[in-house]
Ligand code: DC
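Here we start with a single chain on its own, the form predicted alone, put down as C-alpha coordinates.
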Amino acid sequence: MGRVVAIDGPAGAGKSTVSRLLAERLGFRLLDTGALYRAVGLFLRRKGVSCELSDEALEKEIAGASVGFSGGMVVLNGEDVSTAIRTVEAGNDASVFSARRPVRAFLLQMQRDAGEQENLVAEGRDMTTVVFPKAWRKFYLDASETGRAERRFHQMQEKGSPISMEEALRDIRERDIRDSSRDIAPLRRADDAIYLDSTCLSIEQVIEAMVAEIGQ
(Lines give C-alpha, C1' and ligand atoms only; values in the text may rest on other atoms or scores of the structure.)
Protein backbone atom coordinates (compact mmCIF):
# COMPACT_ATOMS: atom_id res chain seq x y z
CA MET A 1 0.00 0.00 0.00
CA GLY A 2 1.19 3.53 -0.77
CA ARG A 3 1.53 6.25 1.82
CA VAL A 4 -1.80 8.01 2.32
CA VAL A 5 -2.26 11.44 3.88
CA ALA A 6 -5.98 11.57 4.72
CA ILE A 7 -7.71 14.89 5.33
CA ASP A 8 -11.27 15.27 6.61
CA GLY A 9 -13.27 18.32 7.59
CA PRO A 10 -16.48 20.25 7.02
CA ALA A 11 -17.46 22.14 3.88
CA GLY A 12 -15.55 25.37 3.34
CA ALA A 13 -12.60 24.52 5.58
CA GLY A 14 -10.20 24.74 2.63
CA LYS A 15 -9.61 21.02 2.15
CA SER A 16 -9.56 21.04 -1.65
CA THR A 17 -6.98 23.80 -2.03
CA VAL A 18 -4.83 22.56 0.84
CA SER A 19 -4.91 18.97 -0.42
CA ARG A 20 -3.94 19.98 -3.95
CA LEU A 21 -0.97 22.07 -2.78
CA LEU A 22 0.11 19.50 -0.20
CA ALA A 23 0.10 16.77 -2.85
CA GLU A 24 2.30 18.94 -5.06
CA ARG A 25 4.64 19.64 -2.14
CA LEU A 26 4.99 15.95 -1.26
CA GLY A 27 5.02 14.66 -4.83
CA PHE A 28 1.92 12.58 -4.11
CA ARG A 29 -1.15 12.09 -6.27
CA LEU A 30 -4.29 13.99 -5.24
CA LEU A 31 -7.45 11.96 -4.71
CA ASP A 32 -10.30 14.51 -4.80
CA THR A 33 -13.09 12.37 -3.41
CA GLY A 34 -15.42 15.35 -3.24
CA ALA A 35 -15.24 15.59 -7.02
CA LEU A 36 -16.23 11.93 -7.33
CA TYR A 37 -19.31 12.43 -5.14
CA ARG A 38 -20.22 15.60 -7.03
CA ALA A 39 -19.96 13.74 -10.33
CA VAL A 40 -22.23 10.96 -9.10
CA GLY A 41 -24.67 13.57 -7.78
CA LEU A 42 -24.64 15.30 -11.18
CA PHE A 43 -25.27 11.97 -12.90
CA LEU A 44 -28.27 11.23 -10.69
CA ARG A 45 -29.71 14.74 -11.03
CA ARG A 46 -29.49 14.56 -14.81
CA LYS A 47 -31.40 11.30 -14.68
CA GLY A 48 -34.04 12.88 -12.47
CA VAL A 49 -33.36 10.43 -9.66
CA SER A 50 -35.04 11.30 -6.37
CA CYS A 51 -33.08 11.11 -3.13
CA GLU A 52 -36.08 9.22 -1.75
CA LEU A 53 -35.46 6.27 -4.06
CA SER A 54 -34.96 2.91 -2.34
CA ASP A 55 -31.41 1.60 -1.92
CA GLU A 56 -32.07 -1.22 -4.36
CA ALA A 57 -33.40 1.10 -7.05
CA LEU A 58 -30.62 3.65 -6.44
CA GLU A 59 -27.97 0.95 -6.80
CA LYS A 60 -29.35 0.07 -10.23
CA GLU A 61 -29.34 3.71 -11.32
CA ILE A 62 -25.72 4.26 -10.24
CA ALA A 63 -24.57 1.18 -12.15
CA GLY A 64 -24.78 3.27 -15.32
CA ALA A 65 -22.22 5.81 -14.10
CA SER A 66 -18.53 5.76 -15.01
CA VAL A 67 -16.58 8.26 -12.93
CA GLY A 68 -12.88 9.01 -12.74
CA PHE A 69 -9.99 11.36 -13.45
CA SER A 70 -8.12 11.91 -16.71
CA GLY A 71 -5.51 14.53 -17.48
CA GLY A 72 -6.54 16.66 -14.53
CA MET A 73 -10.21 16.51 -15.53
CA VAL A 74 -13.15 14.93 -13.71
CA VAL A 75 -14.79 12.63 -16.24
CA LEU A 76 -18.36 11.32 -16.12
CA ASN A 77 -19.21 8.77 -18.80
CA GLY A 78 -16.57 10.26 -21.09
CA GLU A 79 -17.59 13.90 -20.49
CA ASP A 80 -15.39 16.49 -18.80
CA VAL A 81 -17.58 17.73 -15.93
CA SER A 82 -14.84 19.57 -14.02
CA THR A 83 -16.76 22.86 -14.22
CA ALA A 84 -20.28 21.44 -14.03
CA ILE A 85 -19.65 19.84 -10.63
CA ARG A 86 -18.49 23.06 -8.95
CA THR A 87 -21.88 24.75 -8.65
CA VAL A 88 -23.79 25.19 -5.40
CA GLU A 89 -26.42 22.82 -6.74
CA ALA A 90 -23.84 20.12 -7.45
CA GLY A 91 -22.42 20.53 -3.96
CA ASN A 92 -25.84 20.08 -2.41
CA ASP A 93 -26.52 17.01 -4.56
CA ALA A 94 -23.21 15.50 -3.46
CA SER A 95 -24.04 16.13 0.20
CA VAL A 96 -27.53 14.63 -0.13
CA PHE A 97 -26.62 11.53 -2.14
CA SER A 98 -23.37 10.85 -0.27
CA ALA A 99 -25.53 9.92 2.71
CA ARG A 100 -26.91 6.95 0.77
CA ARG A 101 -25.32 3.53 1.18
CA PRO A 102 -25.31 2.57 -2.55
CA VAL A 103 -23.44 5.76 -3.47
CA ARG A 104 -20.77 5.27 -0.81
CA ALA A 105 -20.37 1.59 -1.71
CA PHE A 106 -20.04 2.49 -5.39
CA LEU A 107 -17.07 4.79 -4.73
CA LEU A 108 -15.44 3.12 -1.70
CA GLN A 109 -13.41 0.44 -3.46
CA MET A 110 -12.38 2.86 -6.20
CA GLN A 111 -10.84 5.10 -3.55
CA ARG A 112 -9.14 2.28 -1.68
CA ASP A 113 -7.69 0.85 -4.87
CA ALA A 114 -6.03 4.20 -5.58
CA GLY A 115 -4.33 4.03 -2.19
CA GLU A 116 -2.99 0.57 -2.94
CA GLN A 117 -1.29 1.73 -6.11
CA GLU A 118 0.51 4.96 -5.16
CA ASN A 119 1.14 7.64 -2.55
CA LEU A 120 -1.95 9.82 -2.09
CA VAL A 121 -3.32 12.92 -0.45
CA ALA A 122 -7.01 12.08 -0.02
CA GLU A 123 -9.58 14.61 1.16
CA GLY A 124 -13.23 14.24 2.00
CA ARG A 125 -15.62 13.61 4.88
CA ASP A 126 -14.70 10.03 5.89
CA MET A 127 -11.15 9.55 4.62
CA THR A 128 -9.68 9.12 8.11
CA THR A 129 -12.53 7.11 9.58
CA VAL A 130 -13.82 4.80 6.83
CA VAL A 131 -11.89 4.85 3.56
CA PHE A 132 -8.33 4.95 4.95
CA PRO A 133 -8.62 4.18 8.69
CA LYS A 134 -4.94 3.13 8.69
CA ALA A 135 -3.68 6.12 6.72
CA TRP A 136 -0.01 7.06 7.12
CA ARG A 137 -0.99 10.55 8.36
CA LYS A 138 -4.42 11.91 9.33
CA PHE A 139 -5.67 15.49 9.60
CA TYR A 140 -8.97 17.11 10.50
CA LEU A 141 -9.09 20.57 8.89
CA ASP A 142 -11.68 22.87 10.45
CA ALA A 143 -12.64 26.57 10.50
CA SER A 144 -15.33 28.72 12.05
CA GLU A 145 -18.79 28.67 10.50
CA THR A 146 -18.51 32.31 9.46
CA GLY A 147 -15.04 31.83 8.04
CA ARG A 148 -16.18 28.88 5.97
CA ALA A 149 -19.20 30.79 4.66
CA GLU A 150 -16.96 33.70 3.63
CA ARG A 151 -14.69 31.32 1.71
CA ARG A 152 -17.68 29.77 0.01
CA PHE A 153 -19.03 33.22 -0.88
CA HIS A 154 -15.75 34.37 -2.49
CA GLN A 155 -15.22 31.02 -4.23
CA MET A 156 -18.58 31.20 -5.96
CA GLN A 157 -18.06 34.87 -6.87
CA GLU A 158 -14.77 33.99 -8.59
CA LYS A 159 -16.43 31.15 -10.50
CA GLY A 160 -19.17 33.39 -11.85
CA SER A 161 -21.91 31.78 -9.77
CA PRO A 162 -22.56 34.58 -7.27
CA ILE A 163 -24.47 33.92 -4.09
CA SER A 164 -25.17 36.19 -1.12
CA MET A 165 -23.41 35.81 2.22
CA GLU A 166 -26.73 34.73 3.71
CA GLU A 167 -27.05 31.99 1.10
CA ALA A 168 -23.46 30.90 1.67
CA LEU A 169 -23.99 30.68 5.42
CA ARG A 170 -27.25 28.77 5.00
CA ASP A 171 -25.56 26.36 2.59
CA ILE A 172 -22.73 25.72 5.06
CA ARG A 173 -25.12 25.10 7.93
CA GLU A 174 -27.33 22.74 5.94
CA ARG A 175 -24.35 20.73 4.71
CA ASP A 176 -22.91 20.53 8.23
CA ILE A 177 -26.16 19.06 9.51
CA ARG A 178 -26.40 16.52 6.67
CA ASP A 179 -22.75 15.51 6.87
CA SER A 180 -22.60 15.06 10.64
CA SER A 181 -26.02 13.50 11.22
CA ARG A 182 -26.21 10.91 8.43
CA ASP A 183 -26.38 7.28 9.50
CA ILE A 184 -23.64 6.12 7.12
CA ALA A 185 -20.08 7.38 7.64
CA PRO A 186 -20.97 10.67 9.33
CA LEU A 187 -18.40 13.44 9.41
CA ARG A 188 -16.38 13.23 12.63
CA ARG A 189 -12.82 13.70 13.75
CA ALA A 190 -10.89 10.45 14.02
CA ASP A 191 -9.31 9.96 17.44
CA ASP A 192 -5.82 9.88 15.91
CA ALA A 193 -6.31 12.75 13.44
CA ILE A 194 -4.34 15.95 13.98
CA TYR A 195 -6.71 18.90 14.38
CA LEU A 196 -6.00 22.13 12.49
CA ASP A 197 -8.18 25.25 12.67
CA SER A 198 -7.60 27.27 9.50
CA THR A 199 -9.84 30.23 10.43
CA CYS A 200 -6.95 32.62 11.06
CA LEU A 201 -4.33 30.84 8.95
CA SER A 202 -3.31 31.39 5.35
CA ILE A 203 -3.22 28.44 2.97
CA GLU A 204 0.58 28.55 3.13
CA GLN A 205 0.52 28.40 6.94
CA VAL A 206 -1.80 25.38 6.88
CA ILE A 207 0.51 23.61 4.41
CA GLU A 208 3.56 24.34 6.53
CA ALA A 209 1.81 23.05 9.66
CA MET A 210 0.90 19.81 7.89
CA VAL A 211 4.38 19.34 6.45
CA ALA A 212 5.86 19.84 9.92
CA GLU A 213 3.56 17.16 11.34
CA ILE A 214 4.30 14.81 8.45
CA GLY A 215 8.02 15.31 8.93
CA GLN A 216 8.91 15.91 5.28
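Values in this document were obtained by computation on a predicted structure and should not be read as measured data. Throughout, we count residues from 1 along the sequence that is shown.
The protein also exists as the form predicted in complex with this ligand; that form is not presented, and the subsequent description refers to it.
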Flag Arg148 as yes or no: does it have a non-hydrogen atom within 4.5 angstroms of any non-hydrogen atom of this ligand in the model of the complex?
no
Taking 4.5 angstroms as the cut-off for heavy atoms, does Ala94 touch this ligand in the model of the complex?
yes
Interface membership of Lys138, this ligand in the model of the complex, 4.5 Å heavy atom rule:
no
Given the stretches 31-39, 159-167, 57-65, 44-52, which is the single one in contact with this ligand in the model of the complex, using a heavy atom cutoff of 4.5 Å?
31-39
Taking a heavy atom within 4.5 Å as contact, would all three of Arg3, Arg25 and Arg112 count as contacting this ligand in the model of the complex?
no
For the stretch 162-201, which residues lie within 4.5 Å of this ligand in the model of the complex by non-hydrogen atom distance?
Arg175, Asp179, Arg182
